[in-house]
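Okay, here we've got a single chain as C-alpha cells, the form predicted alone, with questions on binding and movement later.
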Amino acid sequence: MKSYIVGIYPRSPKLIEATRVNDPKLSELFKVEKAKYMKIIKSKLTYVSDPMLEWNDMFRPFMNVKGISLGALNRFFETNTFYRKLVISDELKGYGNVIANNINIVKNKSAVSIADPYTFAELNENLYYKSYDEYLLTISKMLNKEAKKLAEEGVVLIQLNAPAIAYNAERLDNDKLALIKEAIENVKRRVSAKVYLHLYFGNITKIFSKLLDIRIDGLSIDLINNRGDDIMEYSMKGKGLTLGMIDAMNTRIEDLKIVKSIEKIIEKMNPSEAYLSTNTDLEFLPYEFALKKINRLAEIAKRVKYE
C-alpha cells in the first residue's frame, strides 16, 4: 500500500530553541534536521517530501510575489496556530518558482502540498481584483505555473490542501462549487504530475458527490472529520483516492485494527489507485509524536492488502 505525508512538519525542541535565540548556525541546523526527516521518510513511505521546516505557514513564501505584501496574523481555522495574511494590492507577477525554490525535491520520488486556489483566496485579502471570480481564477493561474515547475523539477504528486472547502462545505452552493472546480482544474492544466485535492477540517458528505467529476487525478479525504461509512457508497472508479487516516492533531497512536476498515473502504470505492496519509500537516504535533505517526503510517500501509 502506497503512503506519503506532505506539508509542514514540527521542529525538534533543539531547532525551536535555536530559532528563538536566532542562533548564528540556524541555517545549517535547518539543513541538518531536514536531512534527518527526509532520510526517515524515504525509508518508511512511498514518496519523499520536504518537511518545510523553514515555512512559517502555507502561504508565507508567496510574500515575494509582486503585488503581495504581508498583513496581520490570523488564526488558522480552529487550531492554536496562526498564519500571516497576504494582501494582494496589485497585479500578481513574478511567480512560478516560489515553491520549487523553497523545498528540496528528489526527482521522480517527491510529493508536495500547496494550498488549493479557494483556500488561498479565502484566507488572504484581495484589494486589487475587481471581482471574486477574477481574484480566484488569477490565483489558480499562479498556482498552475507553480505546479508546472514542480512537475518539471521531478515532483510526482502535488496535493492541493483544501481546508476551506471542507470547512465551508455546508455553505457552498452550486454556483460557488462550479467556480471552485474551474479554479482547481486550472491548477491541473498541462501539469504532468498527479494532482490530488485534499479535503480536511470539515465534513464533506454534502458536497462529496459533486466533486467526483472534477478533472484532476484524485481526491484525498480526512477520515478524522469524516466517517468511512458516509463516503463508501460513492464509486471512485477512474480516480485515485488518498485516505487521511492518521490523526495529525492528536498524540494518540492509531490502533493497527484500522487496517480492516481501510481495506473495506478501498474495496467498496474501487479507486484507480490508493494511498494512505495523515489528515493534515504534522506540524500540530510535538516532534517525538510526529516521528511515531510516521512509523505507524508505515506499519499500517504494510499490513493493508491492496492490489
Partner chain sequence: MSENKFVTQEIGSIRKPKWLLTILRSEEIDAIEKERARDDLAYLNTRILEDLGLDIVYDGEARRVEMYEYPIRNIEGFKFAGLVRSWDNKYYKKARCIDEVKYKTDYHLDEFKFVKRIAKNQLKIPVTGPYTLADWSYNEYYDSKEEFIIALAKNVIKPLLDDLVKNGANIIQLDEPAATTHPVEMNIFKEAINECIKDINAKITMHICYSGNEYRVLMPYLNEIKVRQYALEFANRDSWELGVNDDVRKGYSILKEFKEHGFDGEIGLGVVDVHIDEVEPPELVRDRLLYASKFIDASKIYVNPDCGLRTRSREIAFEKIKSIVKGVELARNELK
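The shown structure was predicted, so the numbers you read here are calculated from the model rather than taken from an experiment. Numbering follows the first chain given and starts at 1.
Only in words, not in the display: the form predicted together with its partner chain, which the text now covers.
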Could you tell me if M38 has a non-hydrogen atom within 4.5 Å of its partner chain in the predicted complex? no
I'd like to know whether V65 contacts its partner chain in the predicted complex, with contact meaning heavy atoms within 4.5 angstroms. no
Does the 4.5 Å heavy atom contact test between E78 and its partner chain in the predicted complex come out positive? yes
Taking heavy atoms and a 4.5 Å cut-off, does T251 contact its partner chain in the predicted complex? yes
Interface stretch in the predicted complex with its partner chain - options 256-264, 38-46, 243-251, 270-278, non-hydrogen atom within 4.5 Å: 243-251
So which of R84, K109, K194, K145 gets a non-hydrogen atom within 4.5 Å of its partner chain in the predicted complex? R84
Is every one of S27, L29 and K34 in contact with its partner chain in the predicted complex, taking contact as a heavy atom within 4.5 Å? no
Residues in 6-39 with any heavy atom within 4.5 Å of its partner chain in the predicted complex: I8, R11, I16, T19
